[in-house]
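Single chain ahead, by itself, as structure tokens, in the form predicted alone.
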Amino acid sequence: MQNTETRAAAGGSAPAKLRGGTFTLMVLDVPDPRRADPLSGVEAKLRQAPSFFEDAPLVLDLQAVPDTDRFDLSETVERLRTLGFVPVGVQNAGDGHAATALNLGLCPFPAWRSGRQRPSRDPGPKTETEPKRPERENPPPPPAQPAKLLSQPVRSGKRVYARGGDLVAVAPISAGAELIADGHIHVYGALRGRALAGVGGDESARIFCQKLDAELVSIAGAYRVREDIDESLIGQPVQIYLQGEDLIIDPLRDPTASTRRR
């Protein structure tokens, strides 16, 4: 009996494992509190797509918030929680706000766009004893992952993520479904539900579909909900891409149309 119990204990639950993971996080650009309410416009977005933002993890970008300003990060975080968000971290925070974030249980994240990083302090001239680092002109890009192919319908409530590559759907996409890709998204049919391309920050990513009927579309964090999309584009074949900070939705034209008209 004792030997049996010993073997059972030895073969018990496996120890905890730490492993890397990739998650889609929304970023809230907090405006300068001296000029605008830190959560200006957030309530309006919630009214447009309440279910999309429910329990959504959120990172606060404090690029526009002076570190010496009397910005109440604790109050802002509490307001966001009341609205249904789950604040998990800050980015582009000064030393003071970063320390406050840690006290609130928030993680200081690095900026995901190098062009939006808070300027760092001048480290001063390098000393003679500092070893020179070898320069690499063109570091090799990470190997591209093959496209993820969806040949079965994506039902409402299901989320599909193409990590490190494109997502190609040749089956119906139901309302309430979610397509996520680090690269492009191609839908050879009606795009319903939500589609988020370039979630790792790739601003060159695009979304292509034969029939636009989506609740929300997003490229590298910039997004539009159904109410923000021109009604003339609904039901049409389109491509969606970023142009600067603007999310553009253009109709896809049939390249053979001019040939057929001749």
Partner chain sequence: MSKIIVMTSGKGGVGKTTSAAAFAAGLAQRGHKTVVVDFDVGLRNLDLVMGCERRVVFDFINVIHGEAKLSQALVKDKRIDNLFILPTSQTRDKDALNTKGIGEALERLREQFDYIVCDSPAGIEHGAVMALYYADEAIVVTNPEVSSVRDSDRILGVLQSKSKRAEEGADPVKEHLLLTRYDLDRVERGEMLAIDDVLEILSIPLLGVIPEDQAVLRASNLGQPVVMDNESQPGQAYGDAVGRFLGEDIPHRFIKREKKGLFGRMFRRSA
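Everything numeric here is computed off the predicted structure, so don't read it as measured data. Numbering follows the first chain given and starts at 1.
What comes next is about the form predicted together with its partner chain, which is not displayed.
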item	value
Interface segment, criterion being heavy atoms within 4.5 Å of its partner chain in the model of the complex, picked from 202-210, 57-65, 223-231, 34-42	223-231
Option touching its partner chain, based on a heavy atom within 4.5 Å in the model of the complex, out of Q145, S156, Q152, N103	S156
4.5 Å heavy atom contact, D166 and its partner chain in the model of the complex	no
Contact of G176 with its partner chain in the model of the complex (heavy atom, 4.5 Å)	yes
Partner proximity in the model of the complex: L28 to its partner chain, non-hydrogen atom cutoff 4.5 Å	no
Its partner chain in the model of the complex - contacting residues of 189-213, heavy atom within 4.5 Å	R194
Direction of Cα pair change G84-E203 in the model of the complex, magnitude 3 angstroms or more	closer
Cα separation of A175 and G84 in the model of the complex versus here, shift of 3 Å or more	farther
